[in-house]
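Just one chain follows, in the form predicted on its own, and it is written as structure tokens.
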């Protein structure tokens, strides 16, 4: 049996109660919609966004924390125990984390957009506490790991990055409240690396070694290659972290990008091999989104190099954010969610329902077709708006994104309703 098949058998005995992943993924679906609405309301400001408070910053964090962070908490708690062959974290703990994290993200985003620095600080504390509690649960899980060393190593890198992410985020929140904290240049430099590439990026790369072979019905990539890719990613983060303190920043950042490119290049090679040798070749629109995400990751490294070299290209920071958050992380995550949600639903139903539905029976294909078209069109529209400096095109693109997010909401609600009808 392939390792993908072994994962399927082991996962059934390590599922959290259905309410846990569904509440995390459902909240992510709602925050996805709110993020596009916030961007549509501030499309003109987004074109010249320089990092200050306002709705563009709120939209960014609705994606980063509300969509990416929320999904990471739910998916990590469900998938890492399978990789480590350890019991899943307690459902009460995960429910408590959700109740702390969800209003914290909402309050943080409102505090950024309004702006109200008290709300921002309160939301940041709630989010920080939720991440800390989740991190403790994952540390306990990883310490007893008995399998998948490549995935486990990525988990450790992600948790180390999470510590830096939380310290830098709380420090940045403190600057808005006038507290005596380290310089904004230092903390922002750490935050911009360790949040997307460190925490979310390391988990995305690590969990891909489970999910891509599982959905493609392929052998898991060689553990040695996974570990080499992970080591290069860790080296890249270390070099970028040192550079943020101002010591030889340009050479160290270039070296970090080279190490990161080596890690990503090897990861892409392993993913391509899994897709090429898998028994299931037609993976549909969901994996088209995943591949778009991989393209965004490669593009973000190129744009990051241009930023380090200070090339005279207009709106480089906005291009970097679009490639990194919109094209890579959001596209990759949504593509995976389109597969994970029906798959998990069918697994739950198999153990509880009288006539268990298949993943395809739980999927609203029309909603996903609309979401795919709108998501791609929205990203292309935002890129065009940046290229020709058009606030109208940016607003239109964001509205198309809203339509796509609504379609994804329909997909989620339909799936839950069909699970209920099946008695799961």
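Numbering follows the first chain given and starts at 1. For clarity, every value in this text was computed on a predicted model and none was experimentally measured.
One more form of this protein, predicted in complex with ligand HEM, exists but is not displayed; see below.
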{"query": "Exercise: residue 233 in contact with ligand HEM in the model of the complex, heavy atom 4.5 Å", "finding": "no"}
{"query": "4.5 Å heavy atom contact, residue 75 and ligand HEM in the model of the complex", "finding": "no"}
{"query": "Heavy atom of residue 378 within 4.5 Å of ligand HEM in the model of the complex", "finding": "no"}
{"query": "Ligand HEM contact at residue 196 in the model of the complex, heavy atom, 4.5 Å", "finding": "yes"}
{"query": "Candidate stretches 275-283, 342-350, 215-223, 164-172, one within 4.5 Å of ligand HEM in the model of the complex by heavy atom", "finding": "164-172"}
{"query": "In the model of the complex, the residue from 200, 330, 79, 137 that sits within 4.5 Å of ligand HEM by heavy atoms", "finding": "200"}
{"query": "The unique member of 152, 211, 127, 271 whose heavy atoms fall within 4.5 Å of ligand HEM in the model of the complex", "finding": "127"}
{"query": "Contacts with ligand HEM in the model of the complex, stretch 183-216 (heavy atom within 4.5 Å)", "finding": "184, 188, 191, 192, 195, 196, 200"}
